[in-house]
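This document starts with one chain, in the form predicted alone, laid out as C-alpha cells.
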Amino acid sequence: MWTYVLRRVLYNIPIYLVIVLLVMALLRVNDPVTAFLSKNATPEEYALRKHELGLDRPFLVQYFDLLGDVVTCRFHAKSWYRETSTVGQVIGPAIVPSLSITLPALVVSTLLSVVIGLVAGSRRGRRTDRSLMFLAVVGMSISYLVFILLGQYFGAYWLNEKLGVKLFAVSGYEGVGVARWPTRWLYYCLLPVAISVVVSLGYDTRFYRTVIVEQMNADYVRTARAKGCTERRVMLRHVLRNAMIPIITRVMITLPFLIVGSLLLEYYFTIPGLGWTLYTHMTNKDFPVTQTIVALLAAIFILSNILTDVLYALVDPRVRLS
C-alpha cells in the first residue's frame, strides 16, 4: 500500500511542477508592473516598482521560491494588493470561512443525494422515481445565482424585514470564539450551506440514481433476492456497497473545486473565504496570492486522486494496488 502511494506521489511530482510553471508563466504574459504605474511613468519609476514587486529576479528563482513556500507552508512573500501583509497572512484567515461552508455542504449533499438515489433507483419507473427525477431536473435547470438571490431575499431579508424574525444574516461573516461558534455558524453560514446543498442535489441525485440502477441490474442482486434477502438488505448490504467506487470518485473529484465553487456564495454573502480571496486578488493583479492559491489547489487535486485510489482498495477488496 505505502509503496503504491509513494510511487504515485513520485509520478505526479513532474506533473505538479509543470502546472505551477505554466501558471506562473501565464500570469506574466502581460507585464504586471505597468498595472501599478501611471501612464506617464518614467523608466526609473518602472525599475523601482519592478524591484519592489520582486520581478527583477530571474524567473526560475521566483519559481523555486514559490515551490519552497508550498513545501514548507511558510508563505512569507509579500502581497501586492495588501502590501503590509504576507501571502500567508492573506490566505490563512480565509481558510476557516471557506471550510465552514464547503465541508458541511459536501457532507450533507452527498448523504442526501445517495439516499434519494437509493430511493429513486429502487423504484425505477414508478411515480416516486419520476417525481424525484423531475425535481432534480428542475433544480439543475435553475441558475446557481437565482438560488442565491431567492435565498437571500426570502431566507434572510424577507424574514428580517417583514416578519421580524432575525434567523439568518443577509450577508457578512463574524469570526468568534469556540464558545459562540454554533450560534454564529447557524446565523452566518447555515443559509449559504442550504443553498449549496439545494444546488448540488439535482446533479448528484441523477448521478447516484444512475449508479444504483446499474448495480440493481447486476447478477449478484438477483442472486441475493433469490436467496431470500430482504429488499433493505439488498440495497444497503449489496447495492450500496458495490456502488461505493463511483460515489467515492465523485466526492473526491469535487474536493478541489469546493473552494472555487463557493465563489458566488462568498461574493454575494460577503464571506471572506478562499474563493472570494482568489477573486479579489486576481482582479487586482496580486500574483503572489493568486499563484499560491492555484498551486495549493493543484496539490489538493493531485493528492485527492491518490487518496481516491487508496479508498478504492479499502472499500472494495477486489481492487488490488500493485
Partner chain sequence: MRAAGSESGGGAGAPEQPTDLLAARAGGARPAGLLDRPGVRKFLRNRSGVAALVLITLFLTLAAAIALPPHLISLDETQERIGPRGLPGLWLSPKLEARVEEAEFYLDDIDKALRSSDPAASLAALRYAERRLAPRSAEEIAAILDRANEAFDAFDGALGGLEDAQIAMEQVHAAGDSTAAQVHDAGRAVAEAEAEAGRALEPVEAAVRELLPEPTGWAGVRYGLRMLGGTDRQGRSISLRAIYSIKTAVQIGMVTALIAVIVGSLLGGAAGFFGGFVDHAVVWLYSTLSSIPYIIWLVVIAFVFRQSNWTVPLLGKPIAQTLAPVYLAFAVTLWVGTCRVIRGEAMKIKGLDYIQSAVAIGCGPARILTRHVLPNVLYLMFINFSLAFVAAIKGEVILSYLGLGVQGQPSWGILIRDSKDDVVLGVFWELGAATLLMFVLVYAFNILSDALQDAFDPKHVG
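Please read these numbers as outputs of a predicted model, since none were measured by experiment. Numbering follows the first chain given and starts at 1.
Absent from the display: the form predicted together with its partner chain. The rest refers to it.
Heavy atoms within 4.5 Å of its partner chain in the model of the complex map, among the stretches 147 to 155, 71 to 79, 230 to 238, 98 to 106, onto 147 to 155 alone. Residue-level contacts in the model of the complex: of Met140, Leu186, Val115, Val165, one residue has a heavy atom within 4.5 Å of its partner chain, and it is Met140. A heavy atom within 4.5 Å of its partner chain in the model of the complex is found for one listed residue only; from Leu55, Leu26, Leu48, Leu37, this is Leu26.
Using a 4.5 angstroms threshold between heavy atoms, Ile302 counts as touching its partner chain in the model of the complex. Of the heavy atoms in Leu314, none are within 4.5 Å of its partner chain in the model of the complex.
By the criterion of a heavy atom within 4.5 Å, Leu22 is counted among the residues contacting its partner chain in the model of the complex. Tyr203 belongs to the set of residues with a heavy atom inside 4.5 Å of its partner chain in the model of the complex.
Contact with its partner chain in the model of the complex, defined as a heavy atom within 4.5 Å, is made by all three of Pro14, Asn30 and Tyr268. Interface residues of 266 to 300, taken as those with a heavy atom within 4.5 Å of its partner chain in the model of the complex (partner not displayed): Tyr267, Tyr268, Leu278, Tyr279, Met282, Thr283, Lys285, Val294, Leu297, Ala298, in sequence order.
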